[in-house]
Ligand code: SAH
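In structure tokens, the next block holds one chain alone, the form predicted alone.
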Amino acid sequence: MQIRFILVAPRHPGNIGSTARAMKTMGLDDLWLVSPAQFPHPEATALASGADDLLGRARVVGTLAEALEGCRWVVGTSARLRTAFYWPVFTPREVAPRLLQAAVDGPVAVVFGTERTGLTNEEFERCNALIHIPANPAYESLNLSQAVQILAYELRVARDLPAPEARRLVPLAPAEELERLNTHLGQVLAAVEFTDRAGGGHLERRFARVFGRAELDQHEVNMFRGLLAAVMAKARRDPETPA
């Protein structure tokens, strides 16, 4: 399975080891660590409890963008529902078959935030959807490795179900291509002086969420990039054109 489990800024090495153990028990082995506070570390090895081979293969990178390179679909885990941000929200059981289907065309990623605060809004911007684990409303405190175990288990169960529908004719665009599209859009918005008239200054983020929900393939990204290039060229030729 081309499924990456990405831990963003994990603070406790024991959680890294427990995550490796949870993944290995369910047949997952692609662990990425973004700026871990302490790794490698004896506590990580001890709590891996036999999954130290997976720890040895873990990729350590400095940014989430590096960890997402090449990924076709990205889901971020959230301890609370974020309906105000309009991401599609799935339970682990709902998202598992979608991850498996997307992984047919290339790597996909499940992103977990740092233990105390979870993912930031900026990190969520790089996701196509959210995973929320339903729990006791009076006590929703899941340990990082417990959340990993739940996701890993649901992927294991989904893998044994009947095969999903046929693969896409054109694979989803990787995360870095969506990021380039978002950057390009920001440049064009600035050039034509198109601003957030509703206030708040979050126009580019809102566009990024639209693109993320749309699950664009590479041809569609290229189409939008071509449109933006044409708009920019027109703006340069005729700078007096009103936005």
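Position 1 is the first residue in the sequence shown; the rest follow in order. Here the structure is a predicted model, which is why all the values come from computation and not from measurement.
Below, we turn to the form predicted in complex with the ligand, even though it does not appear here.
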| item | value |
| --- | --- |
| Exercise: Glu94 in contact with the ligand in the predicted complex, heavy atom 4.5 Å | no |
| Contact of Val170 with the ligand in the predicted complex (heavy atom, 4.5 Å) | no |
| Proximity of Phe112 to the ligand in the predicted complex, heavy atoms at 4.5 Å | yes |
| In the predicted complex, Leu142 touching the ligand (heavy atom, 4.5 Å) | yes |
| Proximity to the ligand in the predicted complex, single hit among Ala79, Ala103, Ala158, Ala129 (heavy atom within 4.5 Å) | Ala79 |
| In the predicted complex: members of 28-58 within 4.5 Å of the ligand, any heavy atom | none |
